[in-house]
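Here's a solo chain for you in structure tokens, the form predicted on its own.
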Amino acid sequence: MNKNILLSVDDLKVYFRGADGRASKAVDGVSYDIRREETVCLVGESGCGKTVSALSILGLIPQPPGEIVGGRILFDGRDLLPLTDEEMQRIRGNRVAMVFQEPLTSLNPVFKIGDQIAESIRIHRKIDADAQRQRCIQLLEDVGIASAEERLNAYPHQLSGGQRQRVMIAMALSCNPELVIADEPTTALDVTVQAQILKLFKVLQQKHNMAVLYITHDLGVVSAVADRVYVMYAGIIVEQGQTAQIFREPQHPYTRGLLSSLPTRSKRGQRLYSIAGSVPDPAHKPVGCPFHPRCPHAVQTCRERFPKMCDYGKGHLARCPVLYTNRNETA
């Protein structure tokens, strides 16, 4: 294995079974890599499996109804899936941490901010209470919260949305993790605060030499922060590549649809493009390519066979043989 690869998700399959026993294939054979100190974005519509794949890394899938039915998750060369709860506890919050989407619901409303930040430090670092407090103050200062010492005694409801998100980042960084997973970290924030949080992530990433996996549906976030991008649809990766490749030369119809729906100055006064239809039910996916019911390029083969990845070179892959064939024929 390449020693520069920190995390490798290989053919991961996560299913949820309903009362009738039918499996909802939330993640259906997903593979992606994250290199050390790299920023990777996992992008796609709500319900495509992004968050489920991230929660699988940390062993946070509720079982039942969830079940990891296949694949591997290699962190620093070690498969996380066979580990016991005790073994995962040593990794979760220590070497891999997560910033959740809604800080108000993720923070405990009855505990002070300082106590919540200190929890991970108490578990993973054997230092006295005084050192824990100083570490908490330093973390709050690092994430840009003024009057850090006073804020240790505040409750979550006494902070603004942006401040709560900064606290979540401080908690994630408390043990200097090698990988931080950020699940829609700016969704509930206004545009100005979003920009501040993304800038903060970048500064802290450089300071702590950590890798970051962003889970997002916001292509503006992707273009601002990502080194590489994986586009998910209906539980599978449909396209992957460097950020410039994805934005300049998208090679999958779904990726093209997402980019075409972005508002730009050149489209002022025009009706914005939208992809017809909706994401299929994970329990009733169509045969063949899961995107074919919504795809303007679909042919009969798309309705019969699951598409393989087509290689465009330099790490740019897309799961659409139709566009790949058309490109080669016109080249």
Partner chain sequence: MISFIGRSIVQKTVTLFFVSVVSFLIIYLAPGKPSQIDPMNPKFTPEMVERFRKQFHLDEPLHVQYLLFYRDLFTGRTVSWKDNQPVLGKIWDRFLNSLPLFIVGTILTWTLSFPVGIRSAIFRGSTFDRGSTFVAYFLISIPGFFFAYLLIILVVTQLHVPVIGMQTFGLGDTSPVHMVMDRIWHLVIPSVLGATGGIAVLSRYVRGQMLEVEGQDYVRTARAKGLPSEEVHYRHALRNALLPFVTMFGLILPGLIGGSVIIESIFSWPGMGRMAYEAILARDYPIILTVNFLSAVLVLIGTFVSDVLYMAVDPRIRL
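Residue numbers count along the first chain shown, from 1. This structure is a prediction, so every number in the text was calculated from the model and none was measured.
What follows is about the form predicted in complex with its partner chain, which we do not show.
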Among 292 to 300, 38 to 46, 275 to 283, 52 to 60, which stretch sits within 4.5 Å of its partner chain in the predicted bound form, heavy atoms only?
-> 52 to 60
For the three residues Gln89, Thr105 and Tyr155, verify that every one has a non-hydrogen atom within 4.5 Å of its partner chain in the predicted bound form; reply yes or no.
-> yes
Verify the contact flag for Phe100: yes if a non-hydrogen atom of it lies within 4.5 Å of a non-hydrogen atom of its partner chain in the predicted bound form, no if not.
-> yes
Report whether the minimum heavy atom distance between Ile123 and its partner chain in the predicted bound form is within 4.5 Å.
-> yes
Mark Gly241 yes when one of its heavy atoms lies within 4.5 Å of a heavy atom of its partner chain in the predicted bound form, and no otherwise.
-> no
Quick one: is Gly93 in contact with its partner chain in the predicted bound form, heavy atoms, 4.5 Å cut-off?
-> yes
Identify, from the list Met168, Val231, Ile181, Ile246, the residue with a heavy atom within 4.5 Å of its partner chain in the predicted bound form.
-> Met168
Only one of Glu150, Asp190, Asp85, Asp130 comes within 4.5 Å of its partner chain in the predicted bound form by heavy atoms, so just point that one out.
-> Asp85
